[in-house]
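The form predicted on its own is given below as one chain in structure tokens.
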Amino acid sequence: MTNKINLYDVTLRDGSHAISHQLTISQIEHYTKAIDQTGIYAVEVGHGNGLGASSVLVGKSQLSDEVLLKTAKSNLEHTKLGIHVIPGFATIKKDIEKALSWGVDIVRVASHCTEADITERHLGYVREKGKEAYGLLMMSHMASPETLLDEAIKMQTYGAEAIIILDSAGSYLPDDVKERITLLSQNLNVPVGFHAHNNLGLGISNSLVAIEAGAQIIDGATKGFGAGAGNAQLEVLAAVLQKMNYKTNIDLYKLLDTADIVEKDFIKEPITISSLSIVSAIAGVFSGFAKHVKRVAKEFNVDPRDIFMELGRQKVVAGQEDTIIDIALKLQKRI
């Protein structure tokens, strides 16, 4: 078990989900200036679904990727700039090549937990360009620990310099995290990381379990500002790790000041664990579906909890938002 933990800030990417991808230039400037003074390893910026994802299907960004990334980079001297990339949304030529020219330092290439094959070209390209390349396995609760390891080994072979598993639905229990992180840490040659969502109130505790099982990179968002019930609350995590004598390089007072910026300037509604967030975790469905589900449920006069449970039975993942309407129609006919 290492005593050095890299905290990775996803506030300006995962938090984009919470405000329907409507980050402003002023918010990015204010936040990145502050976070750059905290000692945080990296801050991720962009549309909630990553580079190139702004669309009618998953939500249009107020700002282009170019404006988002150039604005952030202009305020970062110490903290690295990261992006989230899902092949299919982002292409190498159209998106990643440009993002690197705008100053991106870390490219985290993500796939569904059983589809690592699609990341090979993207990871290889980033390594060729001399930037940090991470492999991310989303919705990782949908795969067995052994399958996750097989997929992680593929990403490592493709050039990933770290593997992060995402609890995209916030559905993990502590033993689930311990089993998966332990297996990956013992069998990979690169650092392992963990990305929590707080649907069951376990964001911080599951992150600590991941660290104790060997994780060296932990994602978090200030004030927990992220999709659904939010992420592991970054400033709380930093404080707990300080109390446990882990090395994070974080200036806690400055991180607390940065969290106050989010509370004042970003959050329109308190980040809470709603009833629907709990149901999405039990169903094992991506937290970011919540706004779509609530809107469609109201339109078709059906119970949003029933939509989530059916999404879970159908094992629907991000990018399949059209399925929500199909399910609502079927539920409506049963009434």
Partner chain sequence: MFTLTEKDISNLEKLKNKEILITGGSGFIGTWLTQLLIFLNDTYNFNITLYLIARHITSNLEVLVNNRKDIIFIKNDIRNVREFSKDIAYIIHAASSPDNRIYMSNPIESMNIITDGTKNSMENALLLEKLEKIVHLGSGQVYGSLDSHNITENDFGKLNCNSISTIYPEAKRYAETLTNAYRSLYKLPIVQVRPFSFIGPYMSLNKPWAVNSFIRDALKTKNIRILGNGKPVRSYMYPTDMALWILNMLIHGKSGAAYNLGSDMGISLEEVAVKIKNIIGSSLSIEILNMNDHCSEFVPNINYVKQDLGLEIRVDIDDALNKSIKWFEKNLV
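Positions refer to the first chain, counted from 1. Keep in mind the model is a prediction, meaning the values are calculated, not measured.
Omitted here: the form predicted together with the partner chain. The next part is about that form.
- The partner chain is not drawn, but in the predicted complex it has no heavy atom within 4.5 Å of residue 174.
- Contact annotation for residue 150: at least one heavy atom lies within 4.5 Å of the partner chain in the predicted complex.
- Residue 102 falls outside the set of residues with a heavy atom inside 4.5 Å of the partner chain in the predicted complex.
- In the predicted complex, the partner chain sits within 4.5 Å of a heavy atom belonging to residue 188.
- Shown alone, this chain has one stretch from 246 to 254, 83 to 91, 112 to 120, 195 to 203 that lies within 4.5 Å of the partner chain in the predicted complex by heavy atoms: 112 to 120.
- Among 161, 212, 179, 95, the residue placing a heavy atom within 4.5 Å of the partner chain in the predicted complex is 161.
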